[in-house]
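Starting off, we have a lone chain in the form predicted on its own, written out as structure tokens.
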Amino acid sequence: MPSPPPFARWLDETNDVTQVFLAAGQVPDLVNLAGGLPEPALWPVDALADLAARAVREHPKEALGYPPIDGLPALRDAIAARFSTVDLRLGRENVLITTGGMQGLELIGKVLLDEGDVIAAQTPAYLGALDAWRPRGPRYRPVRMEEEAPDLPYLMRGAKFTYTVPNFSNPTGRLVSVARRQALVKAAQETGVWLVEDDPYGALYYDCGPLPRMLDLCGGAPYAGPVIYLGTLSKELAPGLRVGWVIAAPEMIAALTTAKQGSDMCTSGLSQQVACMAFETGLCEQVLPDILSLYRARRDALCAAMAEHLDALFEWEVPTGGMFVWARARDARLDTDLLMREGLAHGVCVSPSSVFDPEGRDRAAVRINFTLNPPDSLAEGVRRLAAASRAVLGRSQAAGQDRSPQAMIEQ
């Protein structure tokens, strides 16, 4: 019997590190600091249950039937109204409802990327975005937001789009300044390159008021600019709703809608109707203070534990929002791919920097999540991470491995 045809080539390009930490939940007594998961206790279960019951009883056709591919008109109108400002007028034609924020990323790849096309990407980059676009075989041009004055038009010119997470970037937790946001918008307008603003954490400001979105800075009445804005209810209400949205120029929304037709036909009508009613009742605004209070306290607990146990091993900045701390090893010999595996043996899981590097070469940092675990678990996880780090360094020193920056580049 002949062998079946091979799987698509892109499957060979995924990394085993991703599979390792996704399977880490099977480890007993594991402290999982690797994911980007919200705290389930914060989900407004009773309120959502009431809205779901009302949605089925009062809006059965919308909740239980096939909704339009681009989303329920009432929900599209609600999102357009929610994001409109004096200088930014949005209409239904600017909004597409997606099955979670991830689908928006996948659809952007579908409509813009051919094999070998260039993405100018904020680096390190969100792993989910890299996975969404991997089947299309793009090339990446890094855009490093920590650099003082990068030549953004130069970096963006010739790319199919520029990808950014300006609010508490996944993985670094970095908040992009207003000046840099303005420069990105200006460069997009100068070059004609689409500017993707991925904003799953935009509600999670702990220490200051929200900065203007690049969508806001672009403006337009009606809106027809280069910013493609992605949002989601996963961090504001509950990820299981799988309700996200894209806000963009009408021609982009039309193209993404065509792509969505061949992806899932439509997002759940029940979830959309619940989301619409959640906006109407102000549910997001009601639960947000408790979310911010809990996550702020957990961020502080994690950073305090890191200061106690990891200060000699890593350097980091305390994020002003979001869900992550990005810690870079002080010693170049501390390979964080090895640390991830050693951490599992010590009962802790973190995400190594290699999975956020399109080339998989950065092995000098870890992403640590603080939203899922209570303070005592965060402290225990950090203690285990410190022990695992010392074990990796000890073996590296004993073996005399050359982990200088130049050696890491040449690998």
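Model, not experiment: these values are computed from the prediction. Heads up: residue numbers just count along the shown sequence, starting at 1.
Although not depicted, the form predicted in complex with a further copy of the same chain is the subject of the following passage.
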In the model of the complex, segment of 299-307, 335-343, 82-90, 269-277 with a heavy atom within 4.5 Å of a further copy of the same chain: 269-277
Close approach of W194 to a further copy of the same chain in the model of the complex, 4.5 Å, heavy atom: yes
Heavy atom of E106 within 4.5 Å of a further copy of the same chain in the model of the complex: yes
Exercise: D264 in contact with a further copy of the same chain in the model of the complex, heavy atom 4.5 Å: yes
Partner contact for I291 in the model of the complex: a further copy of the same chain, 4.5 angstroms, heavy atom: no
Heavy atom within 4.5 Å of a further copy of the same chain in the model of the complex - residue from L30, A379, A386, L48: L48
Output flag, P153, R330 and V348 jointly within 4.5 Å of a further copy of the same chain in the model of the complex, heavy atom basis: no
Members of 236-264 lying within 4.5 angstroms of a further copy of the same chain, judged by heavy atom, in the model of the complex: A238, P239, G240, L241, R242, E251, M252, A255, T258, A259, Q261, G262, S263, D264
